[in-house]
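Presented below, as structure tokens, is a lone chain in the form predicted alone.
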């Protein structure tokens, strides 16, 4: 029995899944509304933006990096998508592509600074976070864009399965996680991400182009931030220049709670999805209990510290 528990403990996402199960059990005893299909659908809709953003954050943290700019890049991308249509009458699908391209450009820029100039990812993304924020505020005039075409709000539309309402954005969220999980597990480029995170020097000596891997990881992460921007517009129906200001921390929280090591090289992207849902479950459950939002933030902070401490202790035991 002890051996079985030890084997379960070595699975990166096992702790996250157990925490999610305990949280659901606790909140189900506190509120009759918690376990309803409609409530779980609401939780998924609330976490889909941060959840998609956390995919890009997972890729970067797997390489022992971190990205503080993701929330502001997402906000800028959403403003580009909506403003290009509203101000210039651009085709909505071209507006979406422009928003995605800007997000990828920021990711590429982060990757270039990390790989070519060898700057720490924390410093690089702290700088680009402020750059993206300033551009967003100046370009939008700090005004919300409300003239949004149907093409940008499609993923906010819903459909019914039984008595439960689901959004197309939720389906996209799950599909993206399944695809990235397959990519990291079953393809050579995916395994290179883990190798670079474990030991960049050892990866280089085996013939893996470490700088190239890091560059495409940051660029693809930017693409996920752009997709998150599209989901944000779809969910709110506007381009909001104030969006994303805490999403960088929320995405890191989801990754850490999902069992991905901040030291790189260890983690499963599906664990990140569980981590994002954990945050959503806690906030939803505490709201149903009537707990003030400030205490919800407190609980989230405690969860992050516990998750990081657990990761650190597991590394020492290893």
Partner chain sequence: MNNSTQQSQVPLVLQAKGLIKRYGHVTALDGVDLELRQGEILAVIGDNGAGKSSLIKALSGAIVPDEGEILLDGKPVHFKSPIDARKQGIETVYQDLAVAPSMTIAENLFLGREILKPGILGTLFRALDKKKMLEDAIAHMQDLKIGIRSMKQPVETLSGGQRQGVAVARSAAFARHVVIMDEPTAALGVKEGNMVLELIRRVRDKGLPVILISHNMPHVFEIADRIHIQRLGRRAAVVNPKNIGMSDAVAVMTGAMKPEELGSEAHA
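Computed from a predicted model, the values in this text were never measured in an experiment. Positions refer to the first chain, counted from 1.
A second form of this protein, the form predicted together with its partner chain, is not displayed here; the remarks below concern that form.
J.: Can you say which of 150-158, 240-248, 72-80, 191-199 gets within 4.5 Å of its partner chain in the predicted complex, counting heavy atoms only?
T.: It is 191-199 that comes within 4.5 Å of the partner.
J.: Should residue 185 be counted as a contact of its partner chain in the predicted complex, where contact means heavy atoms within 4.5 Å?
T.: Yes, residue 185 sits close enough to its partner chain in the predicted complex that at least one of its heavy atoms falls within 4.5 Å.
J.: Is residue 206 near its partner chain? Define near as a heavy atom within 4.5 Å, in the predicted complex.
T.: Close contact exists here: in the predicted complex, residue 206 approaches its partner chain to within 4.5 Å, heavy atoms only.
J.: Using a 4.5 angstroms cut-off on non-hydrogen atoms, would residue 168 count as touching its partner chain in the predicted complex?
T.: Contact check for residue 168: no, nothing within 4.5 Å of its partner chain in the predicted complex.
J.: Since only the chain is shown here, I'm wondering whether residue 266 would be in contact with its partner chain in the predicted complex (any heavy atom pair within 4.5 Å).
T.: Residue-level check for residue 266: yes, a contact with its partner chain.
J.: Going by heavy atom distances of 4.5 angstroms or less, which of 93, 122, 179, 88 would be at the interface with its partner chain in the predicted complex?
T.: It is 179 that has a heavy atom within 4.5 Å of the partner.
J.: From first to last in sequence, which residues of 124-158 have any non-hydrogen atom within 4.5 angstroms of its partner chain in the predicted complex?
T.: Not one residue comes within 4.5 Å of the partner.
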